[in-house]
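One chain is shown next in structure tokens, namely the form predicted on its own.
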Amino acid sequence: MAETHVSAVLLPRARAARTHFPWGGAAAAFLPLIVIVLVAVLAPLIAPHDPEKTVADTRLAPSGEFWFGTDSVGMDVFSRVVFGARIAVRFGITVAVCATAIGILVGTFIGLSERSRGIQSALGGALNRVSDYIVAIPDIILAIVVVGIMGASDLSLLIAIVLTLVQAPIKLTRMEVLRVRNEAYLEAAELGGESRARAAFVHVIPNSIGPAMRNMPLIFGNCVIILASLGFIGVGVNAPTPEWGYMISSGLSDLMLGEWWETVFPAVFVFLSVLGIAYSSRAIPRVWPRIAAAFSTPSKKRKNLA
């Protein structure tokens, strides 16, 4: 009878939370990311020309036919800038997902190993020290070293950028695990006979991933910056693939002659993309608790009441 009464009270509240959830604010927080992703997905429809083929004379100024002009080999700068968003989004999403997933797993292992003994404790401590050493290395230098060792390819770029950006989710998750591991429900699960591995995946990780998940847009933005930086110095995506950093670098000589469009437009897109992602990364922490509250199930609330 009491269970029925609790459900009757909680269900209307859950529906009301979903009804009154500020979807406008949530959409505004994610709007810059949505726009960037849409430009990348719709690039073949937006770009009027093939981004890797010569379509006109070289170094044409912006006009009604070529909105951003043409570059030193006659390729349409607007089409290349738009397709450059596809490269940035592809790397950004892949790096954000991989770095966050790896960071959560490694951070959880390090956090739980700090109250263990034997091999697990030694391995956790070693991983923590290695992470501290990697943090001390500048991101660009670390990425250049990894690409230099593995050779220039999309896979080596991906590994290099993930290695430089995985440290933040590791540290964020470790701090949350150190807090969560002392909770009473985790001790009750262990006393109930659950293994440490099951307790980690069922109880520790779900309650420790919040900071790392909210950090994903920041990883996305940093990935765009690192990818453009590597392309600028010539160790990024291979030419003639349209990539913003490489476009900026290849247009520097023309910039000195007053032909600014090949360099300025991709630089502006890098700036706007990173600015929009930074806005989302600052707004998402304000929206995240409301999303969690709106979609929390009555069963979870019932457990909290119990």
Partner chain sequence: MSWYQRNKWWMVRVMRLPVDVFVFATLAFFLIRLLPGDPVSVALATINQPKTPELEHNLRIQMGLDGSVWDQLLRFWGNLLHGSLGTSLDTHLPVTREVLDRLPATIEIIMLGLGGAFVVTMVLGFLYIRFANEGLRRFIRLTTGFATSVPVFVVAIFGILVFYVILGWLPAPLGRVASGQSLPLVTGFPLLDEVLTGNFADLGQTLLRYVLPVGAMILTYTPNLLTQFVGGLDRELAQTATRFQVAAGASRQWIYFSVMRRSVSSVVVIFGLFFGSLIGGAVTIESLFGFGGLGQLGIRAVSTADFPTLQGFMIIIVVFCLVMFVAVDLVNMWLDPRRRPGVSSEES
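From a predicted model like this one, the values you see are computed outputs, not experimental measurements. Residue numbers count along the first chain shown, from 1.
The following text describes the form predicted in complex with its partner chain, which does not appear among the structures shown.
With the partner left out here, its partner chain still marks one of 75-83, 91-99, 104-112, 149-157 in the model of the complex; by a 4.5 Å heavy atom cut-off that stretch is 149-157. Proximity of W260 to its partner chain in the model of the complex: non-hydrogen atoms within 4.5 Å are present. Proximity of L275 to its partner chain in the model of the complex falls within the 4.5 Å heavy atom cutoff. Interface membership of I119, defined by any non-hydrogen atom within 4.5 Å of its partner chain in the model of the complex, is ruled out. Residue contact check for I248: one or more of its heavy atoms lie within 4.5 Å of its partner chain in the model of the complex. Contacts of stretch 248-267 with its partner chain in the model of the complex, defined by any heavy atom lying within 4.5 Å, are made by I248, L252, L255, M256, G258, W260, T263, V264, A267, listed in sequence order.
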